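First, one chain by itself in structure tokens, the form predicted on its own.
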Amino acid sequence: MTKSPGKNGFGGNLARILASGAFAVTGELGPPRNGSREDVVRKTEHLVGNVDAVNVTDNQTAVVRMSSLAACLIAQKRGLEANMQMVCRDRNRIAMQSELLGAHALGIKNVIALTGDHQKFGDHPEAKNVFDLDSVSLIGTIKKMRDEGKLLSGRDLDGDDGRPGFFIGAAFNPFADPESFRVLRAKKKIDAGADFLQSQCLFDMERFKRFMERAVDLGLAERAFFLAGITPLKSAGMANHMKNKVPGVIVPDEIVKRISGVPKEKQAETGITIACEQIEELKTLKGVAGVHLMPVEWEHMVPAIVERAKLLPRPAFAGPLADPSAPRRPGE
């Protein structure tokens, strides 16, 4: 243990819930492509009380949006604990460490380190990328600042009161190729300091089970918390798009056939039913500590999904902060 719980303890409510063994629920909030505070507020209305924390994305798909930090502050003022995403595409190590210190000063408890989509996929394909660090080295940087009170350069931060106590998140993708490498990639992030990991959209349950079996066998579920990514399908068109156009996502034929086999007006309901069935199965899967809900521009359906999946009421903890560096197994 590198830091005692309490004033300078790690994380916030999400860390406490996961450490307690409760089945966690995180959500996602994409900042708007404008500077409207009210646009962010409208999205939070469907999430408050239904998720334990919310990922606030960082110029996702390399499209310019309101900054993650600004949207995090708006969300937290509305009663949502924010998971601030930080991508390596747009900043060098100086800018990232500076923003991390600012996020800590503003009360952000959780940071998710991501490499980031290449700018060629976004609305400024001519922009210069940075990629001074990748997700693994960014995780290590955050851990170094938290556990050692040092910058990546090795220079000490001034005083202990300003040492950031982030609960460190990362992404994992069991569905990319080669399959045998995916657990090792997750292990690399955990070795670097990740406390919790959220998966890419889960549709292929059998492949996800194989991943989790390997993660449990390697002891990774004792070192970090794994959350499965759930994206409810709105339509057969969305199912086919996810299957054929989104890299790193596998949508089995049986799911496409199931949602295509009902009238158009019932396809959204079928997509929600499939998502709830997945959540019920995940609750029984060894090593899975919770779910990460990613209803793409469908935040208003989150209350119905968490209710149907028997995920309410959400727990809340006012006790001491969890220390995610201490070994533990979700559910114990």
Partner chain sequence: MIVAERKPLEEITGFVAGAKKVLVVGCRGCVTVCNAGGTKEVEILASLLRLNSQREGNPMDVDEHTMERQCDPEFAEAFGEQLGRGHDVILSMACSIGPQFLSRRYPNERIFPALNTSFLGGALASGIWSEHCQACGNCVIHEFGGLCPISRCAKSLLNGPCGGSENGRCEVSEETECVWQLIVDKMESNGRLEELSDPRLGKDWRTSRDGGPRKIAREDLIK
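Numbering follows the first chain given and starts at 1. Quick caveat, the model's predicted, so the values are computed rather than measured.
One more form of this protein, predicted in complex with the partner chain, exists but is not displayed; see below.
The listed set Met212, Val136, Ile255, Ala103 contains one residue whose heavy atoms approach the partner chain in the model of the complex to within 4.5 Å, identified as Val136. The partner is absent here; in the model of the complex, the one residue of Arg78, Arg185, Lys150, His124 having a heavy atom within 4.5 Å of the partner chain is Arg185. Comparing 255 to 263, 222 to 230, 125 to 133, 161 to 169 against the partner chain in the model of the complex, the single stretch with non-hydrogen atoms within 4.5 angstroms of it is 125 to 133. Contact with the partner chain in the model of the complex, defined as a heavy atom within 4.5 Å, is made by none of Glu206, Val216 and Glu281.
Shown alone here, Lys234 lies farther than 4.5 Å from the partner chain in the model of the complex, counting heavy atoms only. For the chain shown alone, Val249 is a contact residue for the partner chain in the model of the complex, at least one non-hydrogen atom being within 4.5 angstroms.
In the model of the complex, Asp156 stays away from the partner chain, with no heavy atom inside 4.5 Å. Contact between Met238 and the partner chain in the model of the complex is not found at the 4.5 Å heavy atom cutoff. Along 89 to 123, a non-hydrogen atom within 4.5 Å of the partner chain in the model of the complex is carried by Arg93, Thr115, Gly116, Asp117, His118, Lys120, Phe121, in order along the sequence.
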